[in-house]
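Just the one chain here, the form predicted alone, laid out as structure tokens.
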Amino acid sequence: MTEDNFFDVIVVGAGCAGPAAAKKTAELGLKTLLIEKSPEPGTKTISGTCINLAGMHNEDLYYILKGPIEREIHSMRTYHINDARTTVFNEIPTKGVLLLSIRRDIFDAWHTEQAKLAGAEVKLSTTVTDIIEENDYVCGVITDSGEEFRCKVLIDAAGVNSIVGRNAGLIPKRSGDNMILYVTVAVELGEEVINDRFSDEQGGYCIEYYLAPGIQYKTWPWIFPKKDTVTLGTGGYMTKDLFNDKITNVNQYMQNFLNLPIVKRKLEGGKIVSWGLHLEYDEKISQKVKNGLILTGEAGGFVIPFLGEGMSPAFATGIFAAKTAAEAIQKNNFSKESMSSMYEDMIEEDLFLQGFMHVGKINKESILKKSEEEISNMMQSVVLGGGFITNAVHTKWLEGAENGDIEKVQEALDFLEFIQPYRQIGSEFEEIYRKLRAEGGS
């Protein structure tokens, strides 16, 4: 073991949370190592293709807005399809960018380079196979080559099935409605075709969501436009009802989605260039910190797959983990109690993260109790943009009204008041976003 193998902080995983954490710790003057198993960051990533601009209000994340984007998303269109009719809802804000469409292979490579430029050492094509624990403290990792790297704080940003979090005993076994199995497809259409088929009235572009029999199980199939390709996704919660006599595997949901007449017209002339599966964990992890170890991003359960939200929470919790590590090193206290207190305080103060996690939790509870017909009827009553928030509020309000439980009604009112500032972030953030892009957007 040489001095070169000792670091203040080691970050495992160069997805969304990892480079954010490594960049921040390096900027704070800490000797940092970022480890990624792929030869190029993002090349094997098939999810996480839109950044929610409302989640980027933290000044520590402003640099993200200068990264490589494919398209600005200004509006959302939702198709509710059943035997009787197709109902289409459009959410078109008067101004403002809702989402930034990206390609993870390009974006993650750029993000990792930002960490490197800040001073972090980066090791690619390196797989962490185990953690090192001494005296009940996590203090390093072992790689597939047998090499050991030691640290004061280890940050796990290696995703939903991270070997770090699992071997540390923090990531539990998962099944049933704790997991969503997604199938995603990329279709190459060409820039001009996408310009024509996915543009909107605001000079930007539109993402689309679909709800129809046989194309999903308790989830929201989507089409997101990139520059030359569009990505499609669908799937369902991994309960016994995910498959049936008509749907024997998750790929059939996607094939049924592709076979919808309206989707076939959208994709006419296109070529499928990728088809893959992705698991997402949809349950809060109770313990995110251990002596010497912090879980962030999907490894820490900071993802709301029902809402398709994971990138902004990953960026933010990566930063929070970095700040926690820096403070722990300054105090020379790497205990679970000390680091967890710092980390959780920052998480609780993040309005976007708290609001979206609450909306996701309530909607999951509500949707899992409803049949496909009930879900379709409910969502045909609200526009998508406010639909999930509306359902979260109405679910608690109806529970209270039906059971005479005034606390449930009050909870709905309290949440409605809590979420109002978030719903205004998008338009207020437009000027900041435009300025940052002008300063050096990719």
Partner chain sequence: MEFEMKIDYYSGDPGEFIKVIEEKCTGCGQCAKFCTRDVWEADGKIYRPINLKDCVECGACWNICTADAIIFGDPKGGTGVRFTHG
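Every value quoted in this text rests on a predicted model; they were computed, and no experiment measured them. Numbering follows the first chain given and starts at 1.
Same protein, other form: the form predicted in complex with its partner chain, not shown, and the subject of what follows.
- The stretch from 244-252, 359-367, 199-207, 336-344 that comes within 4.5 Å of its partner chain in the model of the complex, counting heavy atoms only, is 244-252.
- Across the proposed site, T127, I272 and L279 without exception bring a heavy atom within 4.5 Å of its partner chain in the model of the complex.
- With a 4.5 Å cutoff on heavy atoms, G55 does not count as touching its partner chain in the model of the complex; it lies far away.
- Taking the partner from the other structure, its partner chain in the model of the complex has a heavy atom within 4.5 Å of a heavy atom of T239.
- In the model of the complex, its partner chain sits beyond 4.5 Å of every heavy atom of E283.
- Contact check for A326: every heavy atom lies farther than 4.5 Å from its partner chain in the model of the complex.
- The contact with its partner chain in the model of the complex, taken as any heavy atom within 4.5 Å, belongs to V187 out of I319, V289, V187, V122.
- Listed residues E134, E192, D144, E148 were compared with its partner chain in the model of the complex; D144 is the one with a heavy atom within 4.5 Å.
- Residues are counted as partner-facing when one of their heavy atoms sits within 4.5 Å of its partner chain in the model of the complex; in 148-168 these are N161, I163, R166, in sequence order.
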